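Shown here is one chain on its own, the form predicted alone, set out as structure tokens.
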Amino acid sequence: MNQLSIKAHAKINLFLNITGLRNDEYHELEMVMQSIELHDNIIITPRKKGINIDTNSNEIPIGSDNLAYKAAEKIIEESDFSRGVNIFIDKKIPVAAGLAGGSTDAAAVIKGMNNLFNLDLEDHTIHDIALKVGSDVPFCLNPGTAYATGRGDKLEYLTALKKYKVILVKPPVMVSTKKIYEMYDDLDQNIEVPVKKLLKNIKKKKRLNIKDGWANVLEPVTRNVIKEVGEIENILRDKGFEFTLMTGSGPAVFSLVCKNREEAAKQLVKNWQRDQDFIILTETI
């Protein structure tokens, strides 16, 4: 086999809570990350020497700033692999949206190179490489539903979430994750996220109800910077999709869709009036 194609799935945050600032200047997080069907396609092929990134997108770097490049670099550093690699990123996930688009590409490269080149890296080595590339990369190695703590790298995989259709909307703006976290530190707010209760609801496979306290503490910060986040949320809620939240540091917004609302969701996506937005109906996996 001289080529491998692998799906790199996006994620959403069902809740995101911050409990403090760590000594390493990262934030101490509590969040549930959930994979969705929306994905990039990563195609890996061997080359004689070096790392080459190519893509169908003009919004992502193709050099060492790309997380997929960094992942390949770490694999080469920490294995016996002595050749080079071509990586093509067929980009479907919106960039800088809070969907882990770069992290999931990196995770796909780590898994893909390990499999394609028969590197036989142990699980702990793969996890360590992933964490060196980025905080969300370890989760992206194994799509599903997980409770993440620490800087997002300590994972407890949960009972598979009941499948939901997901309306996903991203306005045509980007946001700096670093800037949003810095602004959060300066913002006086008091959002209580009932973490234990929400985890219990997932484990018991209860229907997710926004009134139970699902929240993203970064949402007010991003809404202050990007008015489109609030505008999109208001549209979705006005249309009856109550479980609507921002994911990550934004600006992408999602709604979980109950079975009896799936046709309404299809019509909403089809007739969406804001023609500059990225909008898609996808689903949890």
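A residue's number is simply how far along the shown sequence it sits, counting from 1. As the structure is a computational prediction, the values presented were derived from the model and not from experiment.
A second form of this protein, the form predicted together with a small molecule, is not displayed here; the remarks below concern that form.
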property: 126, 152 and 155 all contacting the small molecule in the model of the complex, non-hydrogen atom within 4.5 Å; result: no
property: Candidate stretches 254 to 262, 217 to 225, 59 to 67, 230 to 238, one within 4.5 Å of the small molecule in the model of the complex by heavy atom; result: 59 to 67
property: Option touching the small molecule, based on a heavy atom within 4.5 Å in the model of the complex, out of 177, 79, 115, 201; result: 177
property: Of 143, 171, 94, 138, the one that lies within 4.5 Å of the small molecule in the model of the complex (heavy atoms); result: 94
property: Exercise: residue 100 in contact with the small molecule in the model of the complex, heavy atom 4.5 Å; result: yes
property: Contact flag, residue 89 vs the small molecule in the model of the complex, heavy atom cut 4.5 Å; result: yes
